[in-house]
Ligand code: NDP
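Let's start with one chain on its own, the form predicted on its own, as structure tokens.
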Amino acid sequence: MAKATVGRGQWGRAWYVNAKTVIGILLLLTVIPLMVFYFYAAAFGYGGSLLEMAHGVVDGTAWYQLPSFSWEALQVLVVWLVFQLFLAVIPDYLHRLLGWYQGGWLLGAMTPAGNRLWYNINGLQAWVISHLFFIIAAVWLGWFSPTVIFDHWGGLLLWANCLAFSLAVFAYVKAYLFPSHPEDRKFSGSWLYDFYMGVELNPRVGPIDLKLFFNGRPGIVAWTLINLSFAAEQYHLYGYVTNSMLLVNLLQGLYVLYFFYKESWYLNTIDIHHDHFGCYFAFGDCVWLPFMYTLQGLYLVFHPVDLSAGYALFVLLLGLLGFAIFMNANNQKDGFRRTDGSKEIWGKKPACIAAEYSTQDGQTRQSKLLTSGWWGIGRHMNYTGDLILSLSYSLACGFDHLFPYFYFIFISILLVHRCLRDEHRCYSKYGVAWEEYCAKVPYRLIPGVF
């Protein structure tokens, strides 16, 4: 097991900003919100055709397809947020009852400034309670229609945008006036960059960690409920639910459930450990995830695709293959961390490269870079599995329109960019040890190709 060290230096979020960075952020702040509305109007006004939507923008008819404000939608959003806040602070009784997943109060990873924070890990419990309540209240008690989310989709989109930008402004102001951990803030010298990428690493309000809550609760818990509402609308319109809709609900449901089952592992990801909380996360959590990650289900409301048995089986097996790689790769790294490298991987003692890094307070800490199992085949094989699974969502929708393939295109760009960001951070953090790791594991996502 080789050993290498890196000198002290900053690592984590970028702190140098140039003119290209500022221009890029301005484009993101304008183009990305407009893109969400573009897809909404394409779905509700043009049957999911992005090309016809473009013609509608040119001839002016597209503006009539934009959503209008709805006070009922605001009520739905507020009730949902309050409900999720309540579920986020209660103890994890489900973990105590079952005991087969890691929950309760857990310590997060060490921050660059040397802090370790406690987190209330009870996302699986929140997911279960939310779905039981939705099904019982909508189907059994009849308090509202199971199509309630679809029925208010446009109004929810508008209010979610208001929430996202309000949250971003709050996070920016909070970072200056009452930061939770001042030593873990980062200032770039550009207020626009700091507003977009965030200043505080772990902003908190009372018992709520804003980053963990918004990254992992309202949007992701809602993801599967949104799909259920879309399935209910499809049944309402056509009298049955297509096998394509069932596949999308099943495969995306597996992904969401695994996220909550491994929520403790999420504390060690780039999102929690490196990225600061700003508009990037606020908009992504409140708008982008719930409204763009669910495009396949929305598309199938307007295009009820019936797949042949053979093709449906192919999509299912492809999705399960991607999920298996994604899950197994994550589990290998998680087990390696938890047991300090003593847990076997594929029947053998795992190999690794030892490294040292320095925190901002000048302390030297030890780490290990796993080179066994999936992590010996590719440096980001969990992303590879994620991409295969994401492709299956889109393939379930057929080939008539590009609309349902946007998620796969987006997630491909996102994960490639995240690979590069992660490797830049790792090189800055581990130095020579990271170079040695890259020499031993030369491919990122696709063995033999990239």
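Only a predicted model underlies this, so the values are computations on that prediction, with no experimental measurement involved. All residue numbers are counted from 1 along the displayed sequence.
Only in words, not in the display: the form predicted together with this ligand, which the text now covers.
Residues with any non-hydrogen atom within 4.5 angstroms of this ligand in the model of the complex fall in just one of 61-69, 395-403, 417-425, 45-53: 417-425. Shown without its partner, this chain lists Asn243, Asn202, Asn330, Asn249 as candidates; in the model of the complex, only Asn330 has a non-hydrogen atom within 4.5 angstroms of this ligand. Think of it this way: in the model of the complex, this ligand has a heavy atom of just one of His273, Lys262, His303, Lys186 within 4.5 Å, and the residue is His273. A residue is said to contact a partner when one of its heavy atoms sits within 4.5 Å of a partner heavy atom; Ile388 fails this definition for this ligand in the model of the complex, lying far away.
For the chain shown alone, Ile411 is a contact residue for this ligand in the model of the complex, at least one non-hydrogen atom being within 4.5 angstroms. At a distance threshold of 4.5 angstroms between non-hydrogen atoms, Leu370 is in contact with this ligand in the model of the complex. This ligand in the model of the complex is not approached by Phe37, whose heavy atoms all lie more than 4.5 angstroms from it. Proximity of Trp80, His152 and Asn215 to this ligand in the model of the complex is absent: no residue of the three has a non-hydrogen atom within 4.5 angstroms.
Contacts to this ligand in the model of the complex (heavy atom within 4.5 Å) from stretch 421-450: Asp422, Cys426, Lys429, Tyr430, Trp434, Tyr437.
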